[in-house]
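Heads up, the chain shows up twice below as structure tokens, two forms, tagged structure 1 and structure 2.
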Structure 1
Amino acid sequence: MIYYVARRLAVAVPTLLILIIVSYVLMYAAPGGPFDTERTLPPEVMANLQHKYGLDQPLVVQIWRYVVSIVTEFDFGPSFQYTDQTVNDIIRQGFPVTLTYGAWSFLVAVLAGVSLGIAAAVCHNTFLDYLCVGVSVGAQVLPNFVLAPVLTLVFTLWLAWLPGGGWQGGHWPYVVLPVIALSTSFMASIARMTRSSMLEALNADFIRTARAKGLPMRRIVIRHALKPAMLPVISYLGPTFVGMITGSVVIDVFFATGGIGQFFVNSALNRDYPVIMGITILAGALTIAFNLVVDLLYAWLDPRIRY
């Protein structure tokens, strides 16, 4: 088990390094620097600024410094645009917001998706089953940036039930629409996946054995079919996580939650490289860590996988 973790880490660490280096090189190669404003600055001022941020050093040195400061101090450097803030400040400010509704969305998507999928599979070819299939097919064409405006239209403009934006420290009415907008498409995918894998599991030979043993259906579903049916769903959790991280950018921008995605898009529009990089690397690190957890979970659940 320890060997398995070590081997996974051996892949994860270089991945993260490559991500850092590639994004830094991209930034370095980019035409137009962060201080190319409408007013052309005097060359001395420019040189000063460049020196202050270490941009006059050779590329290798810059990358080395950057990596070292991230690894040793978890320091992503200062922001170019928000002059009095560091990237860390921005992450500290925006990340809790994104994490809050992101975690809720993840929970809703997984719990609702799995329950709906199991119910549909157990009640195969009934109304519930058709509902599940219909919802998941429909949700396929409703990515979050389509769903968010539609939800706001219905629940904010027409029904005036819920606020269409803002955060207010995470007071619940402000969380509901972001969570629905972010989780629905993933819930639908998970439901569809659970349904088909549960159907497959229920048709397996060993389920027939379990029925021949006189076990009641409820016990068969929970004890015998659930685990094999969950395995593909678990391996889909990684992509779900990536999708939610990405989708949170849209949610932050559309609902003006003050989450990290808003900073990301602003920085992208303003070429604030340290912030873009910092957030990209953070997202990458989270993704890699989450994938590691998923892999371990999978290995733990499937006795046939050798570490």
Structure 2
Amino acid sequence: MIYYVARRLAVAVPTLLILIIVSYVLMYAAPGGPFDTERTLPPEVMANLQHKYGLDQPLVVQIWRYVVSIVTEFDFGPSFQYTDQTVNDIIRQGFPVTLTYGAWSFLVAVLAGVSLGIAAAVCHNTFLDYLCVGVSVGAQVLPNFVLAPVLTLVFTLWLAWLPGGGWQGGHWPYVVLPVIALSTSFMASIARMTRSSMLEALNADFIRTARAKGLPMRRIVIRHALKPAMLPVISYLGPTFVGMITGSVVIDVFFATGGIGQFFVNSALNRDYPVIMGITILAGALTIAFNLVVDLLYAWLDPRIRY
């Protein structure tokens, strides 16, 4: 297992390097630049700006200096659009916000989705099964860009129970609506996936043997059926968690939370290359890390995978 983890970590380094190079080349190839505005800048001013940020260097030199800066100093460089702020400052400012509501959304989606899926599978073809499936389908057809304004309309404008935007240090009234809007569709996918895999596990031979021995259904589900049923769900949870904690563009923009999703949109519109690169590298590194965690959970849930 240690050799496997070391091998995966060794593969992660060239993967991140390829991600940096490809992202940098794609941004460099896109038309326009970070200092292009409606009013054309004088050539002298443009030359000074490009020289200040090293954009007048060849592409290979720019990539090399960028990679060296990250490896040696963990410095993603200054922002082109946010005055007197570096990319590290922006990530430190926005990532805790998205990590807070993303982690809560992930927890709600997993607990609710797995519970609905197990209940539907255990009570197959009953009213509870139809109810859980109906809730899952209803949540699946409501993406966050539809659910967010509906929640604001109901709970903010009509009932005046919760604020419709802002963050205020992460106080719970400002977290509830973003968490519901972000977790609902993921919860539906987890519930449907858990139901399907649990039904398959409950029809396995070893479950029939456990029933024949007279074991209670609760023990059969928790001790015998849950682990194999969670294998396909675990594979879905890895990238899902990364997607949640690295920020939802819709959630950040609609609820004005100040997360990195909003910074990513603004930097893309303004061609703020260092911010785009910093957030992209953050998402890539987290994806690689949590895919490794998923693989380790696979080996824990199913010991046969270790061999």
Partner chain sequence: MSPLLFGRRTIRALTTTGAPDTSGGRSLWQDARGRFVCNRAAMASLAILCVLVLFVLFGDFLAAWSNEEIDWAMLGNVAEEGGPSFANGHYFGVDELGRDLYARTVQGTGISLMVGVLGALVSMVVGTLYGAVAGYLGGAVDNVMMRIVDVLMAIPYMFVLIVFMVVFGRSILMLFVGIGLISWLDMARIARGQTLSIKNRDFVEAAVAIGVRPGRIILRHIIPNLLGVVVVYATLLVPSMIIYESFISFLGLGVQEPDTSLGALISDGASQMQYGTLWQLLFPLSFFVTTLFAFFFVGDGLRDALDPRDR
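The term rigid core refers to the maximal set of C-alpha atoms that superpose within 1.5 Å between the two forms. Computed from a prediction, not measured in an experiment: that's the story for all the values here. Throughout, residue numbering runs from 1 along the sequence of structure 1.
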Lone-chain pair; form predicted on its own identified as structure 2
Does I21 count as moved between structures 1 and 2, where moved means a C-alpha shift of 2 angstroms or more after fitting the rigid core? no
Do you see a C-alpha shift of 2 Å or more at V293 between structures 1 and 2, with the core held fixed? no
Did A47 shift 2 Å or more between structures 1 and 2, C-alpha, core superposed: yes
